[in-house]
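A lone chain, given as C-alpha cells: the form predicted alone.
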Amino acid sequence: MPTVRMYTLSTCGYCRATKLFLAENSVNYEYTDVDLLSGDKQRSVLEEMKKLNPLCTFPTIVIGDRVIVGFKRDEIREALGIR
C-alpha cells in the first residue's frame, strides 16, 4: 500500500472525516495539523504544502505520488486500491 501523508487542520470536519475513513479501512497514515504548529515550523510546512496544493486547502492528502485535495472518498479508494 502506498504511503499516505496528510496536511490537516485540527478544527476541520473534512479532515476528521478523512482520518476516520482511513482508520475504518485500516490504512496507516501520517498527518500534520498545520494549525497547531507555530512560527517557522508552520511557515515551512505551508510552503511544502503549497508546492502540492497552491490554494492551501484542507485536507491535502498525498498518496504515493498522487495529491488529492479535499475528502474525496472515491479518489482516495482508487489511489489506495481499496473497494
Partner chain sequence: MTAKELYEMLGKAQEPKGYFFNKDRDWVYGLLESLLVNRERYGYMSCPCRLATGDRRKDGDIICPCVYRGPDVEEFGSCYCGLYVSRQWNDGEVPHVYVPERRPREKMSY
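Because the structure is predicted, anything quoted here is derived from the model rather than measured. Numbering follows the first chain given and starts at 1.
The same protein also has a form predicted together with the partner chain, omitted here; what follows describes it.
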Contact check in the predicted bound form: 9, 16 and 70 versus the partner chain, with a cutoff of 4.5 Å between any heavy atoms. Do all three pass? yes
> Even though the partner chain is not shown here, does residue 48 get within 4.5 Å of it in the predicted bound form, heavy atoms only?
Replying inline: no
- Task: Spell out, yes or no, whether the shortest heavy atom distance between residue 56 and the partner chain in the predicted bound form is within 4.5 Å.
- Result: yes
Against the partner chain in the predicted bound form, would residue 32 count as a contact residue? Criterion: heavy atoms within 4.5 Å.
no
